[in-house]
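Below: one protein chain in two forms, given as structure tokens, structure 1 then structure 2.
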Structure 1
Amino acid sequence: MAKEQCTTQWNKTGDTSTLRNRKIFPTSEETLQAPSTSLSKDKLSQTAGHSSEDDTQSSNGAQFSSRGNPSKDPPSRVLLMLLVGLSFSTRLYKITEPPHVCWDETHFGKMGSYYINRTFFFDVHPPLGKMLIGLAGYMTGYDGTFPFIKPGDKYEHHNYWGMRGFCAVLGSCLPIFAYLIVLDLSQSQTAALITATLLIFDTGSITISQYILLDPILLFFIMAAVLSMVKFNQQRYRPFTASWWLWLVLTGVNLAGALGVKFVGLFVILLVGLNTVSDLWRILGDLSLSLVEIAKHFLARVVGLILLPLFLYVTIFAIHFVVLNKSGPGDGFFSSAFQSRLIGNNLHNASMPEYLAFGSTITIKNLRIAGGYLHSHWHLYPEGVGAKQQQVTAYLHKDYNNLWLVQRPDESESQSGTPDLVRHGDVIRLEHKETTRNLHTHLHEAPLTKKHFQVTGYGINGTGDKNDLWQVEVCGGHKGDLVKVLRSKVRFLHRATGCVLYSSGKTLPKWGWEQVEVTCSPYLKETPSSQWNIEDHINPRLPNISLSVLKPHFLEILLESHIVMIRGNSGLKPKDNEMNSKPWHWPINYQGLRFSGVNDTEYRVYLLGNPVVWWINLASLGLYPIMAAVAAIALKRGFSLGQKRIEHSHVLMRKGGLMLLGWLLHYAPFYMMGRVLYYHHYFPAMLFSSMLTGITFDILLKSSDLLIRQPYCDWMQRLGQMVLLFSVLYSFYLFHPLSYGMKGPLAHEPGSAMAHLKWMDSWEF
């Protein structure tokens, strides 16, 4: 049955060569697996070089790609060039405006400069995006001297256009990629055009591409990954050919790129992963393939989609660490060993007394990754949180309040001469240098970890009580061992209660200045949280010895920086007073982001999607499930549908489903995120939703012949397309000042030119 249909179809398309017929060329799997006809055998000679076993499939594939892809035709090339032109011109227009720092440019521009200056910094995102920005700046003659202090600072003579231009060029590729993806998925030029139009004339996509931000770079890699994935899917009937490998490798490279820019790239990895799993499942079910071949398929994907991206991702970090070799603002987040790598850090080629001694001034760093220094300050624990004594916390930055004095338990000051060294098992008192309180614990609940005891600063000028005594233990050491600075892992056991000094990693509320909680844990298991090392060690009475600290292994640095990043990300909690954006705001275009300018004299840019485009997307998100359900039920109930309509249903369900999945993966997880969210987080999902719109509306218009008779339904279809096009164009004309800048009174004030465009109360332009 399927064979017959296919061969008739074949003949039809073989004879004619108009565009219309190509569009309805079957894309579904069953039809493609048909045996080769004489016609395709002819083609085979052109694509020689395959084993005879693959003949049928590879020839079909060749057939498919040579005629199924309308983009190779001259008219569609012109169309593509037109899209490229439009896309680039909309993004590059007024690229240097406004000539001051806008919004997050203050972060990412600054970080780009750090790369040029080779200064180490800490950011919650992986480094690729900022590296590319730095590179673009470097290539276009930016010297990294502009400080990027706050939004609104004038650039003056600094060369910033290169970095903006780079982002804009990447952003310009998005509509083109979207066009190609939809064209490949639906084999329909109309669908692809709808998508491209939506994206080219969306003010939001334009604005977000025009500034020094990570988003255009991220979006570029996401779309490129999806495009290569789609192309790779298309090569499925000619496995292990050059183009098959090419698209596989490109997918992998782009995945690495996406993840290298922001962790949001994980979602596209998930999408590609799911697609690959279903592909492998299909291959597994193909009983004509031997297990060895399946293993080959599997391994190829493991290499291309897991190992290669992983390698590239690690390489990015390697470059990051090699380039940034000077001490900078991010040092304190990292372990002592890590800091010793950085030129200018006090641990770089450090020189200090080698063994811990009584009377020394020290800083104590927790060994848990991003653990912080043992810290205290003049503030007390508030009422109701244990005893009202001085707070002891862990603090990530370097500070005078991190300094502690190592004292003997009794008051007797040791006589002059070389001080005694501290040994494993010795009892000490730790006195906070700034406030002269002793490190103290007692049987009160800790503020957050209720199973542990509270740690406080107690006493004055070193006089406290017996709860101030701690026993030093070197991990893996024996009684009498000396405590090596920087290299020994030390635990502090409380004498009176037998608990061990512990950093829980939980952030204290406002009263604790959002520093990290320190407790005393009655559970004595050795974990990095209860282990500390001595970092700075000052004792004038001991000779300084140059220490070459154990250089950390690259993988340790990698792991450490990831944990620091993840912790930093989850630490970005929304503040109480700040108006924060909720995920449900985004698809309805509820509220934008102010990029630049607050009052009426300034040059204002407002990141807000073109409402017509976004609401069309919203409508299609509602429409799609209904259409897909109708199609699925019709197929399941076995209604007699024409060949064309069956094909439409398949495109709708499979390809549309893929896009819907992409949208969901890039949108739904935000509902579960505790961190602070912004409007621009929706843009990856918005791209998928636009592509879904292209497919949905195309098929909706093509199905108009369900209701109307033959000649009229074609008119209907054209009319629908025109209405869509003109509404998008007109709304772009209306809203273009959002992206290209506006001046004059704010929209809610009388006399504003934008007043009639304030369709929703929540827009603030």
Structure 2
Amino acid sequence: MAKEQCTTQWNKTGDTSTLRNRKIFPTSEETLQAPSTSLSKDKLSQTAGHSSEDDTQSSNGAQFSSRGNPSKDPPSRVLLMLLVGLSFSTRLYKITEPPHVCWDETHFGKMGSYYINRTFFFDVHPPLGKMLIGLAGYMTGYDGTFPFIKPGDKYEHHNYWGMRGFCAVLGSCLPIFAYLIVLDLSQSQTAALITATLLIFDTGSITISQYILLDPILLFFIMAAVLSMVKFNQQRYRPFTASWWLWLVLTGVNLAGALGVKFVGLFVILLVGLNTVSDLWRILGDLSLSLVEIAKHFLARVVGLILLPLFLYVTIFAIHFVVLNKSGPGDGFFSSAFQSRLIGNNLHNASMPEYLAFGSTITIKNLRIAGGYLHSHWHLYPEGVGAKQQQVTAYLHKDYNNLWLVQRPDESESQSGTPDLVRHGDVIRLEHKETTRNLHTHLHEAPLTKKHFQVTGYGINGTGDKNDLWQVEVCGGHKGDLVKVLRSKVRFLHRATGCVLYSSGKTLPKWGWEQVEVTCSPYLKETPSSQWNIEDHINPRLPNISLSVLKPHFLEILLESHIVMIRGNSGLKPKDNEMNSKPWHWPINYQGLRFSGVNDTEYRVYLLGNPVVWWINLASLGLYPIMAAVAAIALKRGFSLGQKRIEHSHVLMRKGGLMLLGWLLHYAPFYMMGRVLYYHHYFPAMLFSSMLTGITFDILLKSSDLLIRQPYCDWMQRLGQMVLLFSVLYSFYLFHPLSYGMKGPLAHEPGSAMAHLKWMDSWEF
């Protein structure tokens, strides 16, 4: 009978791939004793080791239409429209409240303004998210004039709703995408509806979507990439058709979008990559395909999932560099050559003396990425930090205190005639223009890099001692070589101690104004940290040359921008009194994040997930491995299972496994990151855990017939679904003021309406 069923199924579909694959991939289900055995064998042979393949062709007896899609459980249009309405209404409700800057709007709103004004800036994230925010603001009438100085600043007459609305619209798509993903994976309306309900009524997902932030944009591209990947997997029976290419291309486009917003987009790229490797491994095992056909499959994926995303990602940066062509606050993070392309920068189309000379006024820039300009100011090192002399630091921005005078060791340069040029091997004294103190070092240890020596400003009006003398060395040069402005890499060797001037890249404490530490390193190996170039050069007694020939090409500025972003990310440290958290806090909803307001008179918004939603997700993360292990053992041991039970087991292990993998890839790497972490970093992983919850709880409820006979098991399913729905809705009703704003006494104060809702002491609303 099993053979008869299989033959009938094959005749109906006209698809022989299942029979071929069954020969190639024998599975443990060959030992099962049931009429459903041949069907489950077909299914397992198609999907063995492939977590995102469609499992419905044979496991539930569904036939594939001529379009190659499962016909079982198609999405209900009425239900889908209801979910769309709920999702958009919960995110767009009170979108203009509060009418002031909230949390990181001060950064990303300001960066949107920079795009509108075409002003160059530096950020640790790739540019796509900020570009889209700026475009949304521009298209809705925002003129880019609001300063976004600090949280709490009133927007007043400025048109900010367009940028918030854009982010809210993208955030509104997340429950819809999750619904479609789970529906396609599980072929269960119930599982998809559970997932959508969890996300629609999650207060954290609502809050993160309602403000001018990168997160809703990132989450949109991540979910769109996963949805496209799942849709593409469904097209495997129709390779190289228009719909097959469409979903392949859309997957690549969304991968580029995710990476173009934040570098954590690499995690979804890894998820799609693992799925693709599994898919190609399956294709390689299909002996009905020739090597040419296999090569076509491989090349198509290389084009759609590697070359296309790479091209789009590079294009994003090309647009970024073209739009931001004016000098701005980010100039100092980049090299002198990079700055020469920015309109308004003092190096743009500038002319200055070509060679360094005694008597010149200069700025000196470290060649380490984000190494800064050699800088000093009137402030002294504090007690207990070396000698209590004037601080010398590296500063990342243009500033008058970056200017230094190049003097002879023993006397000032004559004011008449042509000045003498500085050459490799010459000894000089660098005098700070503003304070008239000399660049100085001695044997006191540096503030942070204890094996290096402290660098200070010493003396007055050019007078000092022998520790003020430095020998100029042109890297790769010889005695007598001239020092070229911008082009020569220079080291400053201290005459008395033999150490070399060095920018450590470490950030000084508050007493050092959080500028970069400058030391004198006894280790003489040439590194970017010990190499400098002369950037600004003022000497009216020397002829000037144009610097336009020094402008870098596109690949150079692309590489430099990525090095700066990566180092900027790794250098992020928490500020005083700034909320940060640890990865283990996130799944348990241990601590939220204050978006707006700190006292009872202010409009307060607090980012915190709906506790019921997050704790159900946490329970499913613990329950899923147990259920998957039981299902795997039952199938492996050949227990006599019904057809539906086999279906559920396959969905649980393969489709649920894909969601668990997505959760792990978007969560586990944060344990290895050295940078400062925040609660909102968990939201990509939270989306996958919610989809896993939908699949897990749906199958758990459907398994009630193991304990209770019909019709009581059906009643139990309905009761479980209603309890889950009621719990989520009631929790949303209780906690919705966290998202939509609240005033009055704080939760720990008498008379607070939120006092009974502070279920954990770590919640600070």
Partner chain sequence: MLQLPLLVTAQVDVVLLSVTLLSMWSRLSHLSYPNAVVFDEVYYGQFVSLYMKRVFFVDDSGPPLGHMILALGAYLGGFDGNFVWNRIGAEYHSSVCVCFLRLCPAVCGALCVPLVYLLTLELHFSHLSALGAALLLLLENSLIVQSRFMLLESVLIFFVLLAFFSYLRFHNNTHSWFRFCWLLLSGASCAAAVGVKYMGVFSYLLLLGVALLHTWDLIGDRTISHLSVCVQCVCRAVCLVVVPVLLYVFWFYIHLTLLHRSGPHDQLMSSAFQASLEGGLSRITKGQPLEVAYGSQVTLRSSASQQIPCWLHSHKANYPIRYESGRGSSHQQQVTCYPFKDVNNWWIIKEPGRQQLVVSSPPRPIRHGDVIQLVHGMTSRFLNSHDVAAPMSPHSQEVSGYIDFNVSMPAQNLWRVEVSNREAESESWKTILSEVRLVHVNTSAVLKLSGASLPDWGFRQLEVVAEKLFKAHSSSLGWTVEEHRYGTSQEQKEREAELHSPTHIDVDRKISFWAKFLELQWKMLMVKQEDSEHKYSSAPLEWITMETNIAYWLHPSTNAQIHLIGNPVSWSVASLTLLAYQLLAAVYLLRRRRGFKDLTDSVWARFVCLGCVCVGGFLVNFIPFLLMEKTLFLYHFLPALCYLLLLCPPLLEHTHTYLLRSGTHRRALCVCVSAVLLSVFLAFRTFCPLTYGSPELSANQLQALRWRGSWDILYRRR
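Residue indices: 1-based, along structure 1. Definition used throughout: the rigid core is the maximal C-alpha set that superposes within 1.5 Å between two forms. Model, not experiment: these values are computed from the prediction.
Is structure 1 or structure 2 the form predicted together with the partner chain? Looking at both, the form predicted together with the partner chain is number 1.
On a rigid core superposition, would L405 pass a 2 Å threshold for CA movement between the two structures? The answer is yes, as the C-alpha of L405 shifts between the two structures by 2 Å or more after core alignment.
Comparing between the two structures on the rigid core, is the C-alpha shift at D123 2 Å or larger? No.
C-alpha of Y211 moved at least 2 Å between the two structures on rigid core: The answer is no, as the C-alpha of Y211 shifts between the two structures by less than 2 Å after core alignment.
So if we fit the rigid core, how much does the CA of T361 shift between the two structures, in Å? Displacement of the C-alpha, rigid core superposed: 3.6 Å.
Angstrom displacement of the CA atom of L469 between the two structures, core fixed: Looking at the C-alpha of L469 between the two structures, the offset is 7.7 Å.
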